[in-house]
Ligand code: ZDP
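So this first bit is one chain, no partners, the form predicted alone, shown in structure tokens.
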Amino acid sequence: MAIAFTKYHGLGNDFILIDNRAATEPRLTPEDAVQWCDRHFGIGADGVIFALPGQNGTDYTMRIFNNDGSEPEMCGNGIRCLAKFIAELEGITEPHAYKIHTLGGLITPKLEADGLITVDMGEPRLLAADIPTTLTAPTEKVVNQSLEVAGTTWQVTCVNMGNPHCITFVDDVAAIPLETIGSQFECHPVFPKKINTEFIQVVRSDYLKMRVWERGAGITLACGTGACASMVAGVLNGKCGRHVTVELPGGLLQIEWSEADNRLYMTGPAEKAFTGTR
């Protein structure tokens, strides 16, 4: 039976969205998702997102399969796309907030009057046990720790934003051979559940440049949770303030780490590309 889908992207980080409100389990298997995401033999995407019924008082549940069939806890760009997709399904055009259940916890995206989406990403988790990583003791933070990858010692900071991130500050993000070292970070034995990896260039205290290797997806044009994690790492290392613009290959995200409630707020776009059936 053909399944309807809508293709969205958040700054070039692209997803296939499926209306899954009639069932509590995804309509596709992880193996199906791999085929759908194939850019030569399928639709092409970084992942497939399912809009499922809510749980525990939430409006909806988000499930996502990466293009390798793995399932991440959460996706920042993906949840902005999901919010736009749900609003279209419901016929909502005014500012509106949704409570979304994810494997990484409760996330609240809000459609703004200007068409952007602001997402309450929750509080960052910083202990080694939360990442998880064996870089230091489970109850310690991983800030500016040494990690050897590809014959080079990198200084890394780790943050969990519903999914795990390893952040390294560099002089020039364009010079990083991400194609060759990204997977070596992702699969490093100090990260038992693998890791998303961000390389950050500090342009100013309120402006960061970022390139990312996403766990299960590889190089992507943007990563919302990664942008949040990178800003947190910048604050922890004294490299940036709590209101920053993050420049990704696909565009700009605005990130705030509120001192009032310790929560991260991410604002950015989500755009519909096309609809179809498969």
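The first residue of the shown sequence is 1; numbering continues from there. Computed from a predicted model, the values in this text were never measured in an experiment.
The form predicted in complex with this ligand is left out here; the points below concern that form.
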May I ask you to choose, among Asn163, Thr102, Thr157, Thr133, the residue with a heavy atom within 4.5 Å of this ligand in the model of the complex?
-> Asn163
Contact at Asn66, Pro72 and Asn77 by this ligand in the model of the complex, all three, heavy atom at most 4.5 Å = yes
With this ligand left out here, work out from 217 to 225, 230 to 238, 32 to 40, 52 to 60 which stretch has heavy atoms within 4.5 Å of it in the model of the complex.
-> 217 to 225
Going through 235 to 253 from first to last, which residues have a non-hydrogen atom within 4.5 Å of this ligand in the model of the complex?
-> none
